[in-house]
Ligand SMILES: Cc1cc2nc3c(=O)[nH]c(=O)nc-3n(C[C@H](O)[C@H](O)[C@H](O)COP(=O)(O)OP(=O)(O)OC[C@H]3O[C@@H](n4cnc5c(N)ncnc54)[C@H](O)[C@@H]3O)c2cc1C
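In structure tokens, the next block holds one chain alone, the form predicted alone.
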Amino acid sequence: MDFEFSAEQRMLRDSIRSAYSRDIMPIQRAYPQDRPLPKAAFLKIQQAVAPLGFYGARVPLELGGSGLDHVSWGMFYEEFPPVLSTGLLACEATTTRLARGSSAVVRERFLPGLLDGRLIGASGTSEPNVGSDPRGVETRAVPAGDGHYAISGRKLWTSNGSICDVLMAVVRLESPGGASSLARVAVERAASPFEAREVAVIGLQQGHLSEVVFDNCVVPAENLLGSGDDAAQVLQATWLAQRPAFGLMGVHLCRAALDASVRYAKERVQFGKTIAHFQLVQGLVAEMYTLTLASRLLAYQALALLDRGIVCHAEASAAKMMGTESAVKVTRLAMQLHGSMGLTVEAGLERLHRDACMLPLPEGTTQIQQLIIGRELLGVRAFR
């Protein structure tokens, strides 16, 4: 077992860090942290990330992919704050899904702009009555004549939905004979307008979590992706890598909370000495460190398995569950270590904790991850 990055991966990590501090962080900090970034600002961030190969990591080389391995791709999520990486992942996942099973017409229209960051992508799967079961999608696409389909329905919890240029919607495709199948369709916002509104949430507030409404939104039939009932398989395939990616988002927050706690423990004086001398404080730091380290190793292990071509449902779910739940706990422990200062907005820990609380729910809740792990170990499905 090798727990070290290769020389090439270390160079990429350094490039990611440089790009963030030089090109991305100034944009992020120029706007309020408690409201979504303007679309123009997010586009600038996307275009700063694109040269590093992020958007093409899971796209085949012959379609313009970058050839990054999964472990290298995971570094972006550890190094970027989740308030940005959740939106970047939404675009990258859309790019990956559009590349799978799309026609040459669709690829030529959307992939170049998505790969170089000129277009913002989003994927619409969850609905008011549909969360962890994509097969229950209620949004309908029906024939509208002249080689078009009309989409009607609502999507909820759609990252980038309010600012996207292209949205990959999972729909129930109605055939003239009355049968239906789960399908994917690329909706180009400029040509097929739809409504979207921001959803106010407690964390990741510079992001764009949206509700999307389709009201007879007409799209050309050529925008249908894949063939047959492939939508669920495509979603599952992409979720497999995205779960450890969310684990690494949690690691980013754990590291930030741990670093702040170590600094504070060395500076804060009580009873004539710094609180770093106190056993209970050292216990808090040790627990925070252990949770951070374990989360990081689990996430990169799952990504390394994917690089070896191993389908690792249990490991990916364990990485997601461990990393996101650890972020919630570590950020709370950091607030505890800081005492009353931990409750202040000035310290920034409450924002880390609110951001952490957002992570256990997307890509399958913690409870869904438990059921996946249970299914893999016991061979019995607790859900279909």
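All figures in this text were calculated on a predicted structure; none of them were measured in a lab. When you see a residue number, it is the position in the sequence shown, counting from 1.
One more form of this protein, predicted together with the ligand, exists but is not displayed; see below.
Undergrad: Of Ser132, Gln233, Ser181, Ser152, which one comes within 4.5 Å of the ligand in the predicted complex, counting heavy atoms only?
TA: Of Ser132, Gln233, Ser181, Ser152, the residue with a heavy atom within 4.5 Å of the ligand in the predicted complex is Ser132.
Undergrad: Consider the chain as shown here, without its partner, and state which of Ser72, Thr125, Ser102, Thr292 has a heavy atom within 4.5 Å of the ligand in the predicted complex.
TA: Residue within 4.5 Å of the partner: Thr125.
Undergrad: Quick check on Met358: any heavy atom within 4.5 Å of the ligand in the predicted complex?
TA: Yes, Met358 sits close enough to the ligand in the predicted complex that at least one of its heavy atoms falls within 4.5 Å.
Undergrad: Using 4.5 Å between non-hydrogen atoms, is Trp157 touching the ligand in the predicted complex?
TA: Yes.
Undergrad: Can you check whether Val187 is within 4.5 Å of the ligand in the predicted complex, heavy atom basis?
TA: Looking in the predicted complex, residue contacts with the ligand do not include Val187, since no heavy atom lies within 4.5 Å.
Undergrad: When the contact criterion is heavy atoms within 4.5 Å, does Phe383 count as touching the ligand in the predicted complex?
TA: Judged by the heavy-atom cut-off of 4.5 Å, Phe383 is in contact with the ligand in the predicted complex.
Undergrad: So, Leu204, Ile368 and Leu371: all three within 4.5 Å of the ligand in the predicted complex by heavy atoms, or not?
TA: Affirmative, all three are within 4.5 Å.
Undergrad: Please identify, from 72-80, 204-212, 303-311, 270-278, the stretch that has a heavy atom within 4.5 Å of the ligand in the predicted complex.
TA: One stretch meets the cut-off, namely 204-212.
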